[in-house]
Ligand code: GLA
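First comes one chain, alone, set out as structure tokens in the form predicted alone.
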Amino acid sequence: MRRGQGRAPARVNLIGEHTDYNQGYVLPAALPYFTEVTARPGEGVEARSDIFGETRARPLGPPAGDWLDYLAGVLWALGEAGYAVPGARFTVRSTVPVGVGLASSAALEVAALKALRALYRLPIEDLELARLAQRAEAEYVGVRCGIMDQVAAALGRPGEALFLDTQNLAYRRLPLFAGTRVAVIDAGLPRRLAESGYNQRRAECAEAARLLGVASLREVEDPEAVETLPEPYRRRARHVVSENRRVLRAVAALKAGDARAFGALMVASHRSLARDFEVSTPELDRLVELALALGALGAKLTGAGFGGAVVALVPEEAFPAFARKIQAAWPGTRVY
């Protein structure tokens, strides 16, 4: 029987938080954890997942509120784009941690689309594939997201950062610093108000852009312009405008091989996320400070915030001791 296979990595965002839905710059990096999907011809949608240890199946139709929605969603998105795909039977294997903020849903969507592309010989380039994956999640599953996660899953390579302009999807791959390791620190912090808080921040950014007379905060060239806004729009816009500048400076630091400058920008990003964007928590703040005290060159929350994980840049030779000390100081923490 014919089959198609697809593979996509987890991602962590090094810097550039809450800028993607403002048409700004982001700098994610792929991690060496992968979701692999095999697709075979079928009607409707059926999938066996080793993550959930179960098989689910149903006809194509509206979402049902379970994990199968992500696979039904990519089939729906292909149909909406004019590709005649009747359905598929999927097998899903993954080493991507779920619920940590490493974009496990994007990895699943992109791996499934790559498998369907191979199975049905669809003429889809990787960037279009990322757009289809985002449409599946935003319009079918109902999770309002920017496109960073899907592009990182479609184009990212472990050992490299992906500098992405979300306004036009221009991208550039950049090697990470030699002798360093990107560490993800998951203390199991619950994401309090993550969905409602995320949607509120999106709305606040949209209102700030409206008040400034621009289509998106990406278009704000003068940082002083945001200081005329009423609260909380002033602080929300200040974070986005300054974060875009930090991403550009981080790219320059990568090119120059200056890991310490890069780390300092990560810390500045976290402080802006905590103070101006107000998406950190006391626990995330303490975890960032702990990582810095134990030798990280830089650390910040990663993802939407309101809980979740911390990303840190750590000297490679120091990583084993760093991970042990983190786990000793904060029992139950996982360091990837």
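All residue numbers refer to positions in the sequence shown, first residue = 1. This structure is a prediction, so every number in the text was calculated from the model and none was measured.
Keep in mind that the form predicted together with alpha-D-galactopyranose is not shown, yet the notes after this line are about it.
Novice: Of these, 263-271, 284-292, 31-39, 297-305, which stretch puts a heavy atom within 4.5 angstroms of alpha-D-galactopyranose in the predicted complex?
Specialist: Looking at the other structure, the answer is 297-305.
Novice: Kindly indicate whether 70, 112 and 117 are, all three, within 4.5 angstroms of alpha-D-galactopyranose in the predicted complex, using heavy atoms.
Specialist: So, no: the whole triplet misses alpha-D-galactopyranose.
Novice: Which pick from 232, 97, 197, 146 sits with a heavy atom within 4.5 Å of alpha-D-galactopyranose in the predicted complex?
Specialist: Answer to the contact question: 146.
Novice: May I ask you to state whether residue 21 is within 4.5 Å of alpha-D-galactopyranose in the predicted complex, using heavy atom distances?
Specialist: Flag for residue 21 set to yes.
Novice: Is residue 9 close to alpha-D-galactopyranose in the predicted complex, meaning a heavy atom pair under 4.5 Å apart or at it?
Specialist: No, residue 9 stays farther than 4.5 Å from alpha-D-galactopyranose in the predicted complex.
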